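One chain follows as structure tokens, the form predicted alone.
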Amino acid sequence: MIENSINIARNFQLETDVFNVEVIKDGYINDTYLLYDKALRPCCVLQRINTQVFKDPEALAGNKFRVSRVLQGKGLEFIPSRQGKAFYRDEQNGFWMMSRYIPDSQTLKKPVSTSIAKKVGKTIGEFHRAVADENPSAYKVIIPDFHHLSKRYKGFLASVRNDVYQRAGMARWEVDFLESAAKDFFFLEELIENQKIPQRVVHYDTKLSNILFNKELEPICLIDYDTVMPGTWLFDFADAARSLCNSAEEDEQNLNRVVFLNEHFKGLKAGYLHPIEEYLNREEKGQFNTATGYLILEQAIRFLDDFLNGDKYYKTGFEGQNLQRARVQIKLFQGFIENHY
């Protein structure tokens, strides 16, 4: 695969030849490679899009190129193929994209400080401010109903009933908990459907690992634009809270280590509001807590649903990893509710 990725790279408008490749193991969905030039300096990032997850990769590529132009150098810069397209399709129908490597950049591992949480919030707010004047209808919907708890809930209940892989018995308590808790958050969808919460251009994957920092631990930009599409800004904030305010990893084995970090939540919100508050309407400002609970529960359902259906969406490294991920989200939700409801 490494040799193949070098050959694939030659189909993009690079100014240099590629001499080495490193597999980037972060990320659950796509296959990602860091490419090095003759001086063995990182020069670009090559990614094979998972077309089982992203059914319309050309629309995905169009969204990514469009938002990168709007950001005007304050985000990822994508490299077109030699045919001038936003992507390259190989002979096996593999779908590839390439972006320039951002030098002296890094992602951070948890735990991070409250001050970092505030900087993360500011970075997301600045992204939203940059796209605030964009027409959401100019962007394609990449995954329909990506954040729609009640629809995911119905699909989840069907997975429990069908139990194709006979795994429901291993997650009886988790199933019962999610069946009970999710219904209390469906009302947020009515606010969205009635346009009291407006449609915006969103990132929709604002976890900590999708923010690059420099050596001084100052944020550079958000990365990973696969799910840029029309949506709700509140869910970008909430997904960041779900990721950043978890004291542990998403697949932590010891649930006693999973704590919702309230000071991080406050810092994240303060940082987010600083650049974007004037763009938010009254309803948006009043639903930060609801959106956060909604997103944590949704992610728990997504992990558990994937477990019940044979681990087809999220990559796994050990048996039952998606079940453990769901348990972590449930514990995180419980900690959030104790302090915010």
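These numbers come from a predicted model, not from an experiment. Residue numbers run from 1 along the displayed sequence.
From this point on, the text means the form predicted in complex with a small molecule, which you will not see here.
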Open item on the list: Can you confirm whether F146, D239 and E250, the three residues that make up this candidate site, all sit within 4.5 Å of the small molecule in the predicted bound form, judged by heavy atoms?
Closed with: yes
Open item on the list: At 4.5 Å between heavy atoms, only one of the stretches 177-185, 199-207, 72-80, 161-169 reaches the small molecule in the predicted bound form; which one is it?
Closed with: 199-207
Open item on the list: Within 4.5 Å, heavy atoms only, which of G286, G27, G62, P42 is in contact with the small molecule in the predicted bound form?
Closed with: G27
TODO: Flag Y279 as yes or no: does it have a non-hydrogen atom within 4.5 angstroms of any non-hydrogen atom of the small molecule in the predicted bound form?
DONE: no
Open item on the list: Under a 4.5 Å heavy atom criterion, is R66 part of the interface with the small molecule in the predicted bound form?
Closed with: no
TODO: With heavy atoms only and a cut-off of 4.5 Å, decide whether R302 touches the small molecule in the predicted bound form.
DONE: yes
TODO: Mark Y36 yes when one of its heavy atoms lies within 4.5 Å of a heavy atom of the small molecule in the predicted bound form, and no otherwise.
DONE: no
